[in-house]
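Heads up, the chain below is alone and in the form predicted on its own; it's given as structure tokens.
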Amino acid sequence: MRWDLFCCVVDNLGDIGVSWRLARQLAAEHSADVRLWVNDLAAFRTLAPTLDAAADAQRLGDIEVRAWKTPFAPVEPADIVVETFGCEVPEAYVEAMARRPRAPVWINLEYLSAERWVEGCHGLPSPHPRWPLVKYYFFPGFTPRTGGVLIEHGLARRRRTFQQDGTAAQFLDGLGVRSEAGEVLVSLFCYAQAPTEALLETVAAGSQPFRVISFEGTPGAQALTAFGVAGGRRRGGLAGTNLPFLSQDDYDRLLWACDWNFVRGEDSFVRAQLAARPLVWQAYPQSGDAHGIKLQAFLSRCCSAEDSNQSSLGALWQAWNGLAPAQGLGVAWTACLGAHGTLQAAAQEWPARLEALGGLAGNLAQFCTERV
């Protein structure tokens, strides 16, 4: 089955991160012939260093990668067409879809959300106003009435092996992360709005040694540099390490190796959940603090309101997302550190709940196959 995936890069990494994972999993696990159209190959190259950002067409493993340009050159549409995150496929391509003897299955893959309303919209058809075409809305999510999240076959087994057999230390050493005995490892991937200074000040003032790991060119790396701890330098209990951007597979391993993961957007948010480690999520900032609704919806799905430890985690998330005063971040962070064992146990249980929903790629492939 031939697939065309269209990705319009908006926030530099989240959109292409999800699209690239989906393309790879469809090809590897569902024998899909995937053509991935991307409008910003330079951003894509951050996650796939072997990509030629100047090439109009190339292959990365099993995936054909095409530059999405305007005007859009004529091409034969695939059997299944996926526009990710509300990007609209070119009108010329839509017209070519309509000319096919059998219309392609057309999917709008939406953003991930834990909000209840997505269950009622998942899988709904939307007829095209001009052409005999139907677009289906497919929602990732956290319940059986949604599409689930991207989980590769065998991921939990590989993660458990990595975390239990000493591979993590070797992996970190290979990245140049020289962790001292007893250090708490924290990965930091955030937007510029995050109250990083409040977090770093709290960590530095504590008695327990921490190492915060971030990525060159990101707000987290800039915060470590400004705080004077980049390059392994120590300030109080805090040392920092800035790494080059990692491939998706190596980023997964870093999440597995850390004790806490601060993540942003959608792709790293899901991968941190699958790492079975406590996490702090920064939702994509929206006007009017609308992102707070998404944050609270997820907390309601995964946390018990009666659990004081989970309440501390919720308070930390609120402060990290600018939905509560940054002054409260230190208190919430300290409370979460004290409850780490309980939070870790909950984090270890959560991936199995996600796996029980079926992976997003498999659910999407089944949905489309039934309609081809």
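Please read these numbers as outputs of a predicted model, since none were measured by experiment. We number the residues from 1 along the sequence you see.
One more form of this protein should be noted, the form predicted in complex with 2'-deoxy-thymidine-beta-L-rhamnose, which is absent from this view; the next part is about it.
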The one option of 139, 189, 106, 256 with any heavy atom within 4.5 Å of 2'-deoxy-thymidine-beta-L-rhamnose in the predicted complex is 189
Of the residues 96, 87, 246, 299, which one places a heavy atom within 4.5 Å of 2'-deoxy-thymidine-beta-L-rhamnose in the predicted complex? 246
Residues 47, 111 and 265 all lining 2'-deoxy-thymidine-beta-L-rhamnose in the predicted complex, heavy atom within 4.5 Å: yes
With heavy atoms only and a cut-off of 4.5 Å, decide whether residue 22 touches 2'-deoxy-thymidine-beta-L-rhamnose in the predicted complex. no
Answer with yes or no whether residue 359 is in contact with 2'-deoxy-thymidine-beta-L-rhamnose in the predicted complex, where contact means some heavy atom within 4.5 Å. no
Within a 4.5 Å heavy atom cut-off, is residue 13 in contact with 2'-deoxy-thymidine-beta-L-rhamnose in the predicted complex? yes
With a 4.5 Å heavy atom cut-off, would you call residue 284 a contact of 2'-deoxy-thymidine-beta-L-rhamnose in the predicted complex? yes
Just one stretch in 202 to 210, 267 to 275, 130 to 138, 160 to 168 has heavy atoms within 4.5 Å of 2'-deoxy-thymidine-beta-L-rhamnose in the predicted complex, so which one is it? 267 to 275
